[in-house]
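First comes one chain, alone, set out as structure tokens in the form predicted on its own.
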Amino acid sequence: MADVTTADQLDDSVVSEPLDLVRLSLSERVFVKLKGDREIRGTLHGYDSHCNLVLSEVEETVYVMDDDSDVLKTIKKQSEMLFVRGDAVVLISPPQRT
């Protein structure tokens, strides 16, 4: 079974591997781009080496092309808690730090 990292395991702020950036984003709002013209924003609570994600207070945006009028439609959904399978993840953007 894969190791799971949770918000309780924040030890330091060193980024030496790609997933360290995800680790530093635990308990923060992140932007996740998914396959299939989907985007989500939510608070990151956990992840693993496969980029499976657990997020809360999630806003999902789905972009759909209307076949009749060739107009891009936007559908927004709200979820209290969401599990995202890692093979659907294209990118994870951490919160902006100043």
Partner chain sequence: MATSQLLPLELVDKCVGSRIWVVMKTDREFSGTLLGFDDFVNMVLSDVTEYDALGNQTHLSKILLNGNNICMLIPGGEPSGENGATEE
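Each form is matched to the other, and the largest set of C-alpha atoms that superpose within 1.5 Å is called the rigid core. Please read all numbers here as calculations on a predicted model, not as lab measurements. Positions refer to the first chain, counted from 1.
Keep in mind the form predicted in complex with its partner chain is missing from the figure; the text below concerns it.
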>> At 4.5 Å between heavy atoms, is L34 in contact with its partner chain in the predicted bound form?
In response: yes
> Is there a non-hydrogen atom of N52 within 4.5 angstroms of a non-hydrogen atom of its partner chain in the predicted bound form?
Replying inline: yes
> Using heavy atoms and a 4.5 Å limit, would one call R38 a contact residue for its partner chain in the predicted bound form?
Replying inline: yes
>> in the predicted bound form, is there a heavy atom of its partner chain that lies within 4.5 Å of any heavy atom of V30, even though the partner is absent here?
In response: no
> Can you name the residues of 54-79 that have a heavy atom within 4.5 Å of its partner chain in the predicted bound form?
Replying inline: V54, E60, K73, T74, I75, K76, K77, Q78, S79
>> V62: after superposing the rigid core, is there a C-alpha shift of 2 Å or more between this form and the one not shown?
In response: no
